[in-house]
Structures are given as C-alpha cells and as structure tokens.
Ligand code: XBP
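The form predicted alone is given below as one chain in structure tokens.
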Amino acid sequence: MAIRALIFDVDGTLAETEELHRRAFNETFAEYGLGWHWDRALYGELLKTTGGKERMLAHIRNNAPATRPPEDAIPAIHRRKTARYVELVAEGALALRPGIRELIEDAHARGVRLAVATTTNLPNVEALCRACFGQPADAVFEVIAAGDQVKAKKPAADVYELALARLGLAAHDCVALEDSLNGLLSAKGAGLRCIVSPGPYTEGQDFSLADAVVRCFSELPAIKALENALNPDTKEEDNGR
C-alpha cells in the first residue's frame, strides 16, 4: 500500500531531546527554589507520564517532594522550562537522529506529505526545526499536531487523530514513526502503521504491537527502505529477483 504521508513524533524520534528537557527542568526548578533535581533514573520513571505539566504533578503525587508549589503555579513553571529549553536548542545543543534528515528529504522529493504528532508544545517543535533544519516548522512539516491542542495526550490517540484530520487522509495512507510505548499505543489507537526506533529512555519497552522495530532510523533513510521494513515479504521477493 502506497505511503502518502509520514507522521513523526518529536521528542526521541526527530532528535534525542530528553536530556535537554531534563536539563531545562532542573535549571528551572533551581530558578524557582524548589530544591528538585531529576536524575536520569527518576526522569526515566517520570517519562511514563506524558506532558511536562503532567510530569511535574506526577512527581508531586508519587514522590512527595519537600517543596510543593501550588498546583495553579505549575503552568507558569512549565512555561519557564519551555523557554529555557528553547534557549538551549537555539544554542546548538541538539542534533537530529541519524537517518531523519535523509528520510525527510526523500519524502519531499517523492511528494510524500509530512506531519508531526507530538505530546510537546508548538514552541518546542518550532525551536527544534529552526535549530536542526534551519527553517520554521511549517516549512518542514505540512501539519503539526501538538499536545497542547488535544484533550488527552499520548497514549491516547487524540494527537494522531488530529494530524490525520488536518492531512485529510485515512490512517492506512500514513505511517507513524515513534520511539516509545506511549507513542506506539497512540499511533495504533488511531489505526496507523507504526515503526519504532527506541531511544536511551525507551529501550526495553514492549514494542510487540509495532509494524517494525529498527535499531536506528539510519536503517530507513528513504521511503523505499521504509516500505521494505513494513513489507518484509515483498523485500525478500525483490531480493530474489
């Protein structure tokens, strides 16, 4: 079945962003005098909760930190964290995952449409695109569906359903690219085929529902390679010829 559009997750898929997010969180916590510090192990647990504001609330609920800001202060703290993350990205602290640039360039060349379906917010997507592609986000991706535009974040299917609605395409026309179980569940909930390439924080998660799992997106630098990953029997037949 021909692929008419690719729908990308952002954090962990387009780029390994989580360490930069963790740094932005910790610097913001210090700025607000919270006394919080999320190390890699703690952050890995918190990533099971999608959304930065939701993650902070989960930390308060599950880890009972000594300092607890009022719940209505969480959005402002998160906005400052987002601003700090954008600053760090603009300083050049981020790079695309191997294979992503080549796949996007091949999709553009072949007329395959491009979209984003992400839990993160629009400023973070914009910052990544300007830093990594040297272009605004809407020059790279025709459609951007972000976590702050839907009622429920991943693993709910809302953000992928929003991307499909904006593309005006059926799920079977598109392929999602993800790095996490929550993202995979979101994509499959919207009826999409999904290819997963785990990152440092998602290795070992259960990706049995994925249509294909690759070690690195550099294994899929072109639409043809992606099609072969989704249709291994066809690939074997092609090789046999």
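As the structure is a computational prediction, the values presented were derived from the model and not from experiment. Start at 1 with the first residue shown and count on from there.
Form predicted together with xylulose-1,5-bisphosphate: not shown, discussed below.
- Using a 4.5 Å cutoff between non-hydrogen atoms, residue 43 counts as a contact of xylulose-1,5-bisphosphate in the model of the complex.
- With a 4.5 Å cutoff on heavy atoms, residue 50 counts as touching xylulose-1,5-bisphosphate in the model of the complex.
- Heavy atoms of residue 10 reach within 4.5 Å of xylulose-1,5-bisphosphate in the model of the complex, making it an interface residue.
- Although the partner is absent here, residue 193 is not a contact residue: none of its heavy atoms lies within 4.5 angstroms of xylulose-1,5-bisphosphate in the model of the complex.
- Contact here is defined as any heavy atom lying within 4.5 Å of xylulose-1,5-bisphosphate in the model of the complex, and by that definition not a single one of 16, 197 and 201 is a contact residue.
- The listed set 130, 113, 97, 81 contains one residue whose heavy atoms approach xylulose-1,5-bisphosphate in the model of the complex to within 4.5 Å, identified as 81.
- In short, of 119-127, 101-109, 135-143, 162-170 it is 119-127 that has heavy atoms within 4.5 Å of xylulose-1,5-bisphosphate in the model of the complex.
- Residues are counted as partner-facing when one of their heavy atoms sits within 4.5 Å of xylulose-1,5-bisphosphate in the model of the complex; in 142-169 only 154 qualifies.
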